[in-house]
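Here we start with a single chain on its own, the form predicted on its own, put down as structure tokens.
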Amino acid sequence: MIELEQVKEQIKNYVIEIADSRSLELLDLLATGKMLRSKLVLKIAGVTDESIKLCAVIEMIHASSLLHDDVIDEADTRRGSPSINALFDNKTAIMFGDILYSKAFTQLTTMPSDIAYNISNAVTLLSVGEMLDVDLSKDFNNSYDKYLDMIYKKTSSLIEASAKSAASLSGKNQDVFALYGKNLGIAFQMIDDILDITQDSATLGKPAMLDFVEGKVTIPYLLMWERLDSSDKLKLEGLYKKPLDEDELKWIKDNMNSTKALQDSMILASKFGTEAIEVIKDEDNEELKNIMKSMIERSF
């Protein structure tokens, strides 16, 4: 999409305004993702100077959160490329993340107050979600409600705010599009969690089944745990946060299938996707439905 190239150029211009060559160098090393949030804003608000600037701010905030995430997770790859913390060190990744956050908030001050509030409030929720994620990784979490609360805050809140802000820019119903964004975000994260199990390392750009080793009990593991007998529950808990050999990986995958945990995780993610599409049924925006469809059916 040519519009996404405009967003990337706007991000670069914002970083150029910082007048720091090191920041520009680091920006060039950031791996570019699917830019879901920008696609969403542009499909709701159309392509204008204001919407491109909004997208740039949102992408800078998202990139910053990922830089911090990689430090927390001790990740050495991001989207199949070396992460900034792996290329340099944790301090560089954290400070560059702070620079992107700060510049994004500087630009937010030039935008309408409701949009500035939507986005900045989402960043607070995102940060709380990051902390919840860390807390939940300390022990085996078997609570669906805690998992759902965490993925809403960590992932969905910024997507929700992006859709709501795009609606504000274009004079559309903010509540409708906020709910669409919220459900899209939850479905998006659930699909990510499923793909960690179903896809290989080359497709994911990171080791497969890494989430569980890192202490993340995601929706497929939650459903599987609920359906295992007491001895197998204990076995799964015993595999938590440890390097898994081939037999252990096979045991998990076999039980994912026999308990239908993977199948039902996909059904649950699709349910959130269907609810997102249902809420915008009167908006006559086929492209937003296609965003949801392609997101549910993606392989990475």
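Here the structure is a predicted model, which means the values were calculated and not measured. Just count from 1 along the sequence shown to find any residue number.
As for the form predicted in complex with ligand FPP, it is not shown, yet the points below apply to it.
| task | Look at the stretches 174-182, 81-89, 108-116, 154-162 and give the one with heavy atoms within 4.5 Å of ligand FPP in the predicted complex. | result | Among the listed stretches, the partner-contacting one is 154-162.
| message | Taking ligand FPP as it sits in the predicted complex, is Lys103 in contact with it (heavy atom to heavy atom, 4.5 Å or less)? | response | Output for Lys103 is no: heavy atoms all beyond 4.5 Å of ligand FPP.
| Quick one: does Asp69 come within 4.5 Å of ligand FPP in the predicted complex, counting heavy atoms only? | Contact check for Asp69: yes, within 4.5 Å of ligand FPP in the predicted complex.
| message | Taking any heavy atom pair closer than or equal to 4.5 Å as contact, tell me whether Leu126 reaches ligand FPP in the predicted complex. | response | Leu126: contacts ligand FPP in the predicted complex.
| said: Is Asp149 part of the interface with ligand FPP in the predicted complex - any heavy atom within 4.5 Å? | reply: Outside the cut-off, so no.
| query | Which pick from Ser64, Ser51, Asn255, Ser265 sits with a heavy atom within 4.5 Å of ligand FPP in the predicted complex? | reply | If I apply the 4.5 Å criterion carefully, the residue I get is Ser64.
| Complete contact of Glu3, Gln6 and Glu59 with ligand FPP in the predicted complex (any heavy atom, 4.5 Å) | No, because Glu3, Gln6 and Glu59 lack any heavy atom that approaches ligand FPP to within 4.5 Å in the predicted complex.
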